[in-house]
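Quick setup: one chain, the form predicted on its own, written in structure tokens, and binding and motion questions come after.
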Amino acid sequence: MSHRTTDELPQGKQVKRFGLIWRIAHLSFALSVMLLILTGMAVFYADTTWAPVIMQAFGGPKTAGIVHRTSAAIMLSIFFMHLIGVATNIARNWKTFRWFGPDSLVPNWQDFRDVYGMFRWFLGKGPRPVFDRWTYWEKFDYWAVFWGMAIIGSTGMMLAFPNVTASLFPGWVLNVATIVHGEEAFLAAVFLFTVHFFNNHFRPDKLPPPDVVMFTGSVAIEEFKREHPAQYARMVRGGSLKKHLVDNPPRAFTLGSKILGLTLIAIGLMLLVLVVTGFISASTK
């Protein structure tokens, strides 16, 4: 079977990677997490010079607390709805679903080989790894959320309902939950605004930022072929590539997505500065 090149494909088309629900969930999740970090770290590092400014901007601790708990409810709701969606999809395709296949987000041995190959590529010691549908860093980002939900979510619920917690556990558990909740939130913030941002927006082959695929839902065929060559080749061989082609998003929508992406990156980096200065300030006391 002959392989069609991108030149033979219809012009004005992109490859669809994420549906509308995925994109709305991602944006809602990102905004809720940023609000959680802003309001939560202002409490965790209350002795910093910027914490009172944040509290005043929200109209006081009471309003900031409402924003924090509302954002937490949104974040957890998105997470649990995603779990329901994943479980439903697996149940529907139980007989054909491949847990370690190319379309699965479950890590496999190839991911470890890709990590090694990527470091070699960074150092100019080897070629860039050939990725399939999901890269190792996309899988890592995905599963990191489960760790965060388990630690931050559970301790947050304990703190949100202290009377229930105190009726089930000794009082000192609330103190431990406060420390664990804050420290894990600090780690999550640093990871999101360094590792996650680098992998998705600041890799040498992604510059200049931002990567807007999570806003537009689609990516140029040439970029798709470069970023996910194994999936591209598999789709060409199976004749399914054309089924995933969509029209280029309108210029205004693409421009708006870039502005939104850059805005979120700027906010994330500012949050990173606040969190790091708070950590340094607390460490030197």
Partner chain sequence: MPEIKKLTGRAIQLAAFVSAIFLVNSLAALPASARPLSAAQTLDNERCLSCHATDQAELKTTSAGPLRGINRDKFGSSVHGEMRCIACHQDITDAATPHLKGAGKKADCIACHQELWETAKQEKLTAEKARLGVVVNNIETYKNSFHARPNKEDKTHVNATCDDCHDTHSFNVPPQGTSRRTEWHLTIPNVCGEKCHSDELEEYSTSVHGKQVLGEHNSKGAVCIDCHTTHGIANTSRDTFKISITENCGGCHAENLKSYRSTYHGQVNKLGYGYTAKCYDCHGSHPGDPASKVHPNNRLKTCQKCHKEATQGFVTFSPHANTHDFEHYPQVWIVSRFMWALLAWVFAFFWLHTGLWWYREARDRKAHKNHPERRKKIP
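Quick caveat, the model's predicted, so the values are computed rather than measured. Numbering follows the first chain given and starts at 1. Whichever C-alpha set is largest while still superposing within 1.5 Å between the two forms counts as the rigid core.
The next section is about a form of this same protein that is not shown, the form predicted in complex with its partner chain.
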- 4.5 angstroms heavy atom contact with its partner chain in the predicted complex for residue 175: yes
- Item | Proximity of residue 225 to its partner chain in the predicted complex, heavy atoms at 4.5 Å | yes
- Task: Answer for residue 259 alone: is it within 4.5 Å of its partner chain in the predicted complex, judged on heavy atom distances?
- Result: no
- residue 199: touches its partner chain in the predicted complex, heavy atom cutoff 4.5 angstroms: yes
- Answer option from 81, 106, 195, 160, heavy atom within 4.5 Å of its partner chain in the predicted complex: 195
- With its partner chain left out here, work out from 70 to 78, 115 to 123, 209 to 217, 84 to 92 which stretch has heavy atoms within 4.5 Å of it in the predicted complex. 115 to 123
- Message: Whether 42, 60 and 171 jointly form a contact site for its partner chain in the predicted complex is the question; each needs a heavy atom within 4.5 Å.
- Response: yes
- Message: Within 4.5 Å of its partner chain in the predicted complex, counting any non-hydrogen atom, which residues from 47 to 71 show up?
- Response: 47, 51, 52, 55, 56, 60, 61, 62
- Large Cα move at residue 126 between this form and the one not shown, threshold 2 Å, rigid core: yes
